[in-house]
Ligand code: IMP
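Only one chain is given next, in structure tokens, and it is the form predicted on its own.
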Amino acid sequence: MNSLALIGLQWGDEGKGKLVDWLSARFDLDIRYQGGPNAGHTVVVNGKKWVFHQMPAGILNPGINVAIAAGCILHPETLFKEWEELDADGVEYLSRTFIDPRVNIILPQHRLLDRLRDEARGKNKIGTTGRGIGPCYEDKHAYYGLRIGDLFSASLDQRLEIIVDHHNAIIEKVYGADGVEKKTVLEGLEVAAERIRPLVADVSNLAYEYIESGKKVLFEGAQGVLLDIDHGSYPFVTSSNPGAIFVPTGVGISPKLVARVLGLTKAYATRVGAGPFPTEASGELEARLQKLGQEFGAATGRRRRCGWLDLPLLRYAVRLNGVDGLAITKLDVLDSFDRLKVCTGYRQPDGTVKGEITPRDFDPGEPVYEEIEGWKKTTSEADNFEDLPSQAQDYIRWISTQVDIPVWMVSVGQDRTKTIALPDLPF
């Protein structure tokens, strides 16, 4: 029982980067199993802020190796920029980083297509990050994808020509834009190949060997499960599966090797981009949450929509992922509130109240709120659960009872030191 999947239970931005960084000190290998540079995992160490879009967030702990698994997609330029930042601060990473040869590559035309497609939707925009995520995953499943292992193939030039011709036909004939030059794309890939070559490894086998030898493995997800391409608020979703159900596929291991699941939720709720958000606040309340929580996307800088915690959606996410324990993040954002509201159910036209909904329910009913007494005290100086104000402790216990899952961790600030581990934490 030496592996843990870390899953976001909302629409992303739950604080996965911070908790991956904190937990990594207790693990031997940190594996990103899905997503690409549309994720922004923020880590703050001794006041310095890091934002990782491609590198696993555990890399700042010197005793851990990190890996990018087959379920991920990779934009080489973004990866290399993060390497430059690590180099600038003297963080050694090359000997500790592994990249699976089955990882698909985000090409320049993927990013162009992403932007053109969303602009063409007009007022019905999905609100993508414009990082080429959707087109890259689309090509992966349509057999037009280019993978890391292909960079070292003698047929790279020929394969790239087929891919570029396919993309340019769409860019030019459908959207009336200028296509990309194959030569320019190829030159960029050749540079990337030389830098990535020493890091290429079978991450599936690596994970298996670590677990079988008794070493501890952390599986790091991107985005949140309410954005899951199959089980989220489609079509306002990401292009992969952020939940625990994808860890075996994304890494390439048996489901039996995922021992425990830690689910993350903010003490309130946020969402970036378009799509349903039943407990979204407005006006002064939303502005207050946004300011206190510094709610701007780490990947795009976009303003996050803010609102109250949604227990019916949280129950759905917990059930979907088989969550064993909760981490409640950004508790400190609520320190100044006299009263808190939490959605406990949705009233239907017949008067009944649903205690669980799915993110596919665009009209779930009228939110039913319960008001909770605030604590009006600072939580960021607490080192353990007993140091928290009694009302804050009550709020955490109440959430735990409502979803019938123990709370393992509480975050009360951005820095890695502002993390409280509860006695039930198994690692």
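Please read all numbers here as calculations on a predicted model, not as lab measurements. Numbering starts at 1 and runs along the sequence shown.
This next part talks about the form predicted together with the ligand, which is not shown.
S.K.: Flag this candidate site as yes only if E295, T329 and Q414 all have a heavy atom within 4.5 Å of the ligand in the predicted bound form; otherwise mark no.
M.R.: Spot residues vs the ligand: no contact at all.
S.K.: Since the chain is shown here on its own, which stretch among 174-182, 234-242, 82-90, 212-220 would lie within 4.5 Å of the ligand in the predicted bound form, judged by heavy atoms?
M.R.: Flagged stretch: 234-242.
S.K.: Using 4.5 Å between non-hydrogen atoms, is D13 touching the ligand in the predicted bound form?
M.R.: Residue-level check for D13: yes, a contact with the ligand.
S.K.: Applying a 4.5 Å heavy atom distance criterion, does Q54 contact the ligand in the predicted bound form?
M.R.: Result no; Q54 lies far from the ligand in the predicted bound form.
S.K.: Using heavy atoms and a 4.5 Å limit, would one call A192 a contact residue for the ligand in the predicted bound form?
M.R.: Although the ligand is absent here, A192 would stay clear of it in the predicted bound form, with no heavy atoms inside 4.5 Å.
S.K.: Evaluate G273 for contact with the ligand in the predicted bound form, applying a 4.5 angstroms cut-off between non-hydrogen atoms, and reply yes or no.
M.R.: Yes, contact at 4.5 Å.
S.K.: Looking at G188, P108, G130, G149 here, can you tell me which has any non-hydrogen atom within 4.5 angstroms of the ligand in the predicted bound form?
M.R.: Exactly one listed residue reaches within 4.5 Å, namely G130.
S.K.: Only one of G134, P76, G307, G252 has a non-hydrogen atom within 4.5 angstroms of the ligand in the predicted bound form; which is it?
M.R.: By the 4.5 Å heavy-atom cutoff, the listed residue in contact is G134.
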